[in-house]
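Here are two versions of the same chain, shown separately as structure tokens and labelled structure 1 and structure 2.
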Structure 1
């Protein structure tokens, strides 16, 4: 819990790694994920570092692995389970893996190219077959000839001949030529117009569509093609026709000169197509066997290459000592993990067989350490909410432990509904129970991943919504009469005529027997029938929102004391914390007191004479109110006293801290004191660093030394400090007013959610329930389905997201700014499990 409250205590350490064991030591550290490495060669570019060649080899292996994964995915071969976690391979084994991958790449490349060549040949033969089959109908014009042929008037005699082939045309003395082939259907109209314009009518174009889809060799997608036959007059026209065919990417095939030649070609094509199918099937089987064998090891290779590349990247961050026999690395490490770090270095040295062991040495530093807050699967979601506002400064109070309770509670105040809370809790509980399901964890749907990562937040919000739904006594806009209402209608003694003639009747709690006592849990269910229900809930929820808001903000101000005490800024307790708390409680804390006092002091008998809290609160600032009925004896004097205290706390908050620091800065030089001890002159910079390291371990902040004037190298700027404190004072005083009003969103969204739920019930569900005919039961089924869909989509998703965002704002702006700086740097350990993978990003894994 202490780690979650403040984060881990960090230290800067130096690792002395022997050259022979550095690779194994860093591999051990990568498996544990304990340390964050610092770059000791910031001025050296990436291409000038020592292990740049090894990193290039890893990138080449990653390229080959990407090619293998794409081919495996294209062949629809499933990868094995990802339970393996191989260690990083030794440097002497890298070349073996490299050669194995290159050999596999060459083999796959050859097989794939052969397969593509065979497929291309098969496509050409198939197109040639279709061309010969369809063009037979163009030359031999039978009675079943398709009406797609286009003829022109230059050869009118062709319409009269029932049968015409190449030899008969030669007898007529016509120097005719033929070009046949296939073209995509979308291009045929433009192709036809181009032929007509260029050849000026000296061509005859006949075409017909192929019944089946053919594969496009460029894109691999199935497309519709058209077979065409062009008869042209003269050699010059033939050259133009061939150029036009090339421009439109037509697949041109030789046209047989006689029917006998056509039959021979068709028979030869049929035999070749059968042979190609046989060879292609065997090639695909062999390719699949190679890919299946590769898929068994590809995930292991991916992990090994990723680890190996990360190790060489870390080695480039290290520097060599003067003898070039030892690598020196600087790391940030949690103090509690130093023994584990030493054991990891010993294990790495033992694996490498080094004679001189590697070791670690803590060093003092004046740099601010990164922030490490250890979380588990339950607390990580709430910590992410806090980190989205800003990573906490080193060792400052972390709001996440309190957010675990306050965030779902404030959400439930706005979302309070028993039925909706049960649905949300059941959905979240299902995600929690199935959290180890790989299909749910490894999906690429970002919206689902957002819900799944926040499953524990949703579970807590659902459970708290059930609680607030019981308090509001609201379940799908209806109240539950579990314990029996505390109000009785019989005691009023109304007659039958009064029941029939009056639409609204008022229950008087002053009549004996009408009000028996409060409902045991939550709001009495009779208020669901009352005409003034909304007025009652408005007053109740508005005052409840103000009370919760003041308590929440006061708690945030109180938490700031933990930062002041830990960082040894005790003067802030008297000059910042005390004025802030007095200003908040003397004004708005008094408002909470008046609300609670009015609830307790006035009963149903004298409620008509109860004064208005709002009028009294306004008159408190105006120093008026003599003509109004007081809420309690001595109210005017107490209010004047509280206002005076609140006003006096403002100049203390504004001037107290800057004046004290100014006096402390000048007085420290004159008195020569440091924490009550006599300061000695430090002749070396090392002693100053040792003192600062000791202060850091004891909880002192580095900024305190400079701000207190205890750092002789930095000067204290009174104007800068005064300006900073003035901005803080104005922001805090105005923020107390605006933040209190901001908590009224609890009231507004709670009423909005209740009214939307009531409208949905009245306009959908009540329509189905009012049908008393036989068909009413059947009609109720689609009505309930519509009601369920609208409830989930509007009230659960949209209203839930709205309440989530408003609860987020209340924590970020109204709560955390009272004590949380959020200006730290997150601790990023070197861990193999946290390394990103480009293959996972591309969807290959």
Structure 2
């Protein structure tokens, strides 16, 4: 408990690690996650550190592992269970892993390359068959038109040569050449244009599209291709055409000169394609086998490499001692864990078989240690709420244990509805019961994770909402009549006439038998029928908000005493805490007293004479009000006394501390310094700086504790201190007013929530309930569906979030600014479990 209230006591320790066993010791520490290492060579750049080569090796292994994981993922092989948690491999075993990985990489690379080559081959052959098939059509087309061509044979150079009449060309003695191949469809137009420009029309291009999509070997995307056939005259032009084909990345294939040859080639291609398919299938099978084998141990390797890299990273933070035989590391460690730390070091030394043991040595320090508050799954959510505002300064009071109760309570005050609370609690209870379910735990959905992390908070919020819902007697905006109302309508003795002629009738509690006594729990359900229900609830909730607020804030002020006592600043108790508390209680505490007094002192009988608290409270400040009837005898005197006390506490708060510190610094310079010196010897060094800090000045927070430790003779600046205190005083005194007003949000949100659920009931559910035919039953189904959806989405989720945020604000601002500094540094232990894996980040795991 004391750990939760104040955080762990930390100490700076030196680890002397024998160079032989340092690796094992740090591995042991990494598994435990006990200590935070400090960098002892901050001036050395990353690549000049000692173990940079080992880290490079780890990175190389990570690269190979990344490659393996990508391939495994591509092949759609699922990774085996991830429950294994292998320890970091010994340095001598690393080489084995490295070799294994490299062998796998080479093997995989070879197989993949082979596969790619085969695929490329296959593609080429397929393209070739397409080309042959399609170009045959070009030729057939010309053959059909042959008769038409005969008469133009004498003018072979004219435009009609677009037909494939090469036999006539050959007769003319011109050397006719063919180039055929495939080109991507998007490029064909530009290709044709350039061909025309460069060759000035001495070519004929015919092309047709391939129906199927062919895979682009470079990108792996299916693309449309076009088969083309260029016929040209002369070598010169042939050269140019070839270059242009190159330029457009055409896949050029030899063009068969005769039909027989074409058939032969097609036949040959068919068999080769079949062969290739078999070979390709075998290669793929083999690849899969290799990958399955690799996938079995890949996860273990990932963990091992991660741990190893982390260990070397930590070793880089250590420094060598003069003899170079042992490493020195400086760590922050919780004092209570030092025995565990010792055992871990012994274990590490034993494992590595070192003759000289490694050991721990606590060293004194004046640095402020990091803050560690040990949490469990229940408290961690609440601690997170506090840490989101600011990590507590070292050993200052931690608001989290109180937040566990106050946070859900303040939430529930705003969210009070039995029905909504039950839904919320059931949902949270389900999450709590299934918290070990891996599917829920390991999801990547961030919104879900937020809810899941806060499942205990939601559970508490739900339970408290049930409670406040009972108090407000609200269940989906309707009241529950469990104990039977305390009011009787019968006793009023209304006649039938009265019933019919009046829209509103008033129940008079003074008539005997009408009011039989208060409802046992919460608001009487009869208010649900009353037309002045809202007025009644408003008055009640408003006063309740103020009461809760004042209690909450006073509690915050009282908590500050724990800080003052712990940091040995007793003068703060009299010069800060007391005036603060007096100011708050004399003004606003008195307001609470008046509210309670009025509730208790006035009953239904004399309620007509009940005075207005507001007027009385205003009159208290104006120091008048003779015309008013006092609430109780001696009221005026008491009020004047309280106001005077409150006003007097302001100058005490403003000047007390600076003046006292000034006097302490100048007047009692040699007197009574280090009163607790004997205790310093007994206690740890950590207390020493607290002692000094006691005699030193201190700012509004503990931020200068660390500097005071380093420089104990720091000058005391009266003006500075006065300014800080003036700001604090102004903030506090104005804050008392504005914070009290701020607590009225409890009333406002609770009102909004109640009204919204009532509107939902009236506008949706009541419409469905009004239909009094059989059809109405059917109609009720969609209406209820709508009601349920709106209830969950608006009232539970949206209203819940808004109430959550307001509760958060009330804690962060109104409560915590009374005592909480929140200027600490979080303790980040070196723990393997906290290290992120780069593969997880890339989504490979």
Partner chain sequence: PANRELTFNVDHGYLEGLVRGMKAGILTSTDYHNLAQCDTLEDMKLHLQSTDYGKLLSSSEEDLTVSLVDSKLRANLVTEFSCLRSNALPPLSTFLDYITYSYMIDNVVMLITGALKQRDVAELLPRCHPLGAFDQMAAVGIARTPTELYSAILVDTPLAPFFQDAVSESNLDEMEAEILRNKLYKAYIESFHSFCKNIGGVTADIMCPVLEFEADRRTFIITVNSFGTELSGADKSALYPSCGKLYPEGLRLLAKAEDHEQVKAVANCYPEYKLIFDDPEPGADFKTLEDRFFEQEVKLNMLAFLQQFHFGVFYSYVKLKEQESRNIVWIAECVTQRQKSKIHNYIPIFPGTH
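Just so we're on the same page, rigid core means the largest C-alpha set that superposes within 1.5 Å between forms. Just so it is clear, the structure is predicted and the values come from calculations on it, not from any experiment. Residue numbers count along the first chain shown, from 1.
Colleague: Is the form predicted in complex with its partner chain shown as structure 1 or as structure 2?
Modeller: Looking at both, the form predicted in complex with its partner chain is number 2.
Colleague: For residue 116, is the CA shift between the two structures at least 2 Å following rigid-core superposition?
Modeller: Shift at residue 116: 2 Å or more after core fit.
Colleague: Take the rigid core as the frame of reference and indicate whether the C-alpha of residue 251 shifts by 2 Å or more between the two structures.
Modeller: Yes; residue 251 is a residue whose C-alpha shifts (by 2 Å or more) between the two structures when the cores are overlaid.
Colleague: Taking the rigid core as reference, does the Cα of residue 207 move 2 Å or more between the two structures?
Modeller: Yes, the C-alpha moves 2 Å or more.
Colleague: Core-aligned, what does the C-alpha of residue 125 shift between the two structures, expressed in angstrom?
Modeller: Its C-alpha position differs by 5.3 Å.
Colleague: Having superposed the rigid core, state how many Å the Cα of residue 285 shifts between the two structures.
Modeller: On core superposition, this C-alpha lies 2.4 Å from its counterpart.
Colleague: Could you tell me how many Å the Cα atom of residue 195 shifts between the two structures when the rigid core is held superposed?
Modeller: Comparing the two forms, residue 195 shifts 10.6 Å at C-alpha.
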